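Below you will find one chain, with nothing else, as structure tokens; this is the form predicted alone, and questions on how it binds or moves follow later.
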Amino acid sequence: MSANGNADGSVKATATAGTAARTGAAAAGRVLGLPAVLIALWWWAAASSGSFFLTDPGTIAATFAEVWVSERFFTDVLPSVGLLLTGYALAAVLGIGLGVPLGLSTRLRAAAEPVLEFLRAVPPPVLVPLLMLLVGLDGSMRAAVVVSGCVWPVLLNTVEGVRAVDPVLADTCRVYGVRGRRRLGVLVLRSASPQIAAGLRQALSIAIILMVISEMFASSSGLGYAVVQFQRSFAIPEMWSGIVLLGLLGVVLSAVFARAERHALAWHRGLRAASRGE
């Protein structure tokens, strides 16, 4: 009896391990399948075209390690990431700080809306020459460019999130005497946080684009500057390696943001699951 029980347990353990391995392999296939196909197509296109400007992935990978796993990581990559995060953080604080009062006050929103719509319509790259004159050619100018573009998705999503606070919850807070800062933290910001997170996610991709643009226009270091210099000197594999690095930077930042968002909004997912009866 004991031998049969041990045998059954071993069979179940083996079956469970096999299922887990198949599940993991399927998940890895879903994640890596399309990139592998695209890299294969890229390799074929580079080999068949014979173009000097279309470098194959193998050469790019070798060049990537040579260029970026070196002193350039400290002189170009880290300053660019610091610039990006600084501008992004300032845009988040400014967007949420302005969006909450605009969302709470109908009169304030009506008064500010024409000016905000005008400023939102101005493309941030157009502001680079003006900011160069007003701020200078240092990191402050490049951070200002990032802020000028990232603030709008955060601001607009914050306004909409605050406006969409459940009236029943608002009445409940009023009945129980929840006012002032406590109401702001318990009701307003908590209810608007899913919408704010959506704006922050949009702003993150905009921050990467504007970081590169600002460094291409007015900088003597950074990822954008390096890519332009490689292009001007016809260092094509180096240029491609910089583009790949920017893509990898976007993937990493998106993954970090998604993880933080899952942790911060775990209550929201649980609430939605409960409302669906899951």
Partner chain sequence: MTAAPAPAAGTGAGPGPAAAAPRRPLPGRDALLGGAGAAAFLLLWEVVPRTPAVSADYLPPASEVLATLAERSATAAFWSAVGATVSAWALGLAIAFAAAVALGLVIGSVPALRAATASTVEFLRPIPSVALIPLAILMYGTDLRSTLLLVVYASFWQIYIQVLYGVADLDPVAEQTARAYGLGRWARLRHLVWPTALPYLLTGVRLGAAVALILTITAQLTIGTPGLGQEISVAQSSGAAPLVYALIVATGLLGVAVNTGVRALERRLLRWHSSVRGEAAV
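As the structure is a computational prediction, the values presented were derived from the model and not from experiment. Residue numbers count along the first chain shown, from 1. Rigid core: the largest C-alpha set superposing within 1.5 Å between the two forms.
FYI, the form predicted in complex with its partner chain isn't displayed, but the following is about it.
K.L.:
Check each of 132, 96, 197, 173 and return the one that places a heavy atom within 4.5 angstroms of its partner chain in the predicted bound form.
P.N.:
The residue from 132, 96, 197, 173 that makes the contact is 132.
K.L.:
Give me the residue from 47, 69, 41, 251 that has a heavy atom within 4.5 Å of its partner chain in the predicted bound form.
P.N.:
Contact residue from the list: 251.
K.L.:
Would you point out which of 114 to 122, 186 to 194, 140 to 148, 74 to 82 contains residues with a non-hydrogen atom within 4.5 Å of its partner chain in the predicted bound form?
P.N.:
This holds for exactly one stretch, 114 to 122.
K.L.:
Whether 62, 65 and 155 jointly form a contact site for its partner chain in the predicted bound form is the question; each needs a heavy atom within 4.5 Å.
P.N.:
Checked in the predicted bound form: no contact with its partner chain for any of the three.
K.L.:
Any chance residue 225 has a heavy atom within 4.5 Å of its partner chain in the predicted bound form?
P.N.:
No, residue 225 sits far enough from its partner chain in the predicted bound form that none of its heavy atoms falls within 4.5 Å.
K.L.:
Heavy atoms within 4.5 Å of its partner chain in the predicted bound form: does residue 102 have any?
P.N.:
No, residue 102 sits far enough from its partner chain in the predicted bound form that none of its heavy atoms falls within 4.5 Å.
K.L.:
Residue-level question: is residue 208 within 4.5 Å of its partner chain in the predicted bound form, judged on heavy atoms?
P.N.:
Judged by the heavy-atom cut-off of 4.5 Å, residue 208 is in contact with its partner chain in the predicted bound form.
K.L.:
Heavy atom to heavy atom, is residue 181 within 4.5 Å of its partner chain in the predicted bound form?
P.N.:
Residue 181: no, not in contact with its partner chain in the predicted bound form.
K.L.:
What residues in 234 to 251 sit within 4.5 Å of its partner chain in the predicted bound form, counting heavy atoms only?
P.N.:
Contacts from 234 to 251: 234, 236, 239, 240, 243, 246, 247, 248, 250, 251.
K.L.:
Please state whether residue 36 has a C-alpha shift of 2 Å or more between the shown form and the other one, with the rigid core used for the fit.
P.N.:
Yes, shifts by 2 Å or more.
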